[in-house]
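The data below hold one chain only, encoded as structure tokens and taken in the form predicted alone.
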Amino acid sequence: MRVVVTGAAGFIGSQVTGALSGAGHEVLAVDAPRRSPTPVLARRTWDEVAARPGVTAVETDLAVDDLDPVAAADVVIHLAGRPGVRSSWGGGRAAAERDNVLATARLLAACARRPARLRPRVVVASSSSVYGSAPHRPNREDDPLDPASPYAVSKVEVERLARAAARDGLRTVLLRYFSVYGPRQRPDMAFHRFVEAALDGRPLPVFGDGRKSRSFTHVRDVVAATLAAAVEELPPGVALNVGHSEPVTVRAAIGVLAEVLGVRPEIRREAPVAGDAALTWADTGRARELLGWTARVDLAAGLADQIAWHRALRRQEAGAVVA
């Protein structure tokens, strides 16, 4: 199977690319690492992705470049975009519009231009942020959407574009990811900041009082759901929640992290983030029914995995400095 992965230098995209190439698929990895908020990290990951057997890596800006070659595939897994609720306010609003909405519109249009029998299936990454805060029960895919940040608004528009493309004959599926964590997590994300602070012996920076709850979902589970969505025959335009079914407060998650590390961390409270949901909670019944998927990695095991990655990265960086 020939698969295109956009955002292949990213946290999730790099691991989806690795899983596909490891399974023997022909993979076209697409990204623009120079536009990443963390270009040095993106470049390093991009070089690792490009070196994998069976992977062809092409630097492409989805918002301006010719996308007809990108659309020539059996499946397009569209993970590229501008992430982050916090960074989408102010000047970040235009970046979210460009890299999420415009890029997706152009990619879907390129896929739709293919002859009908050659059009790829398109798996599109969305976010739990489209729901806003969950109503004290798990969010189901048919719940009303209530975006509370420019980032979330951009993802709602991405979903609208994908559903419109489905009505026009393109086989699209939307995956609403919930609070993904694990190895290669971006530096701006909560567990990355917590682990680095704890390993340095610094206070852990927590936005607000730590009472917000999340369906924290390990990246290995997210990769499994994404690959399943790439091969299963699904209703065009369907949305699927990809999240752990048990929400955990940030405070409780820090407690798990502290237990895994064997430390008693100090907390530094910071101002709450505008648009940050009080509760995210995934109803995954539809993903279980249509994909046979459910999240399997519990938080303690998932955090141990992420901590091991941080420590390995530190050893690697220390070795590079010595050399």
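Please read all numbers here as calculations on a predicted model, not as lab measurements. Quick note: we count residues from 1 along the sequence shown, nothing fancier.
Another form, the form predicted in complex with a small molecule, is not on view; read the next lines as being about it.
Although the partner is absent here, A228 lies well away from the small molecule in the predicted complex, with no heavy atom inside 4.5 Å. In the predicted complex, the small molecule sits beyond 4.5 Å of every heavy atom of L261. In the predicted complex, the small molecule lies within 4.5 Å of some heavy atom of D99. At a distance threshold of 4.5 angstroms between non-hydrogen atoms, A295 is out of contact with the small molecule in the predicted complex. Only one of V238, M189, A148, A110 lies close to the small molecule in the predicted complex, with a heavy atom inside 4.5 Å, and it is M189. Stretch 33-41 is the answer when you ask which of 33-41, 262-270, 280-288, 48-56 has residues with heavy atoms within 4.5 Å of the small molecule in the predicted complex.
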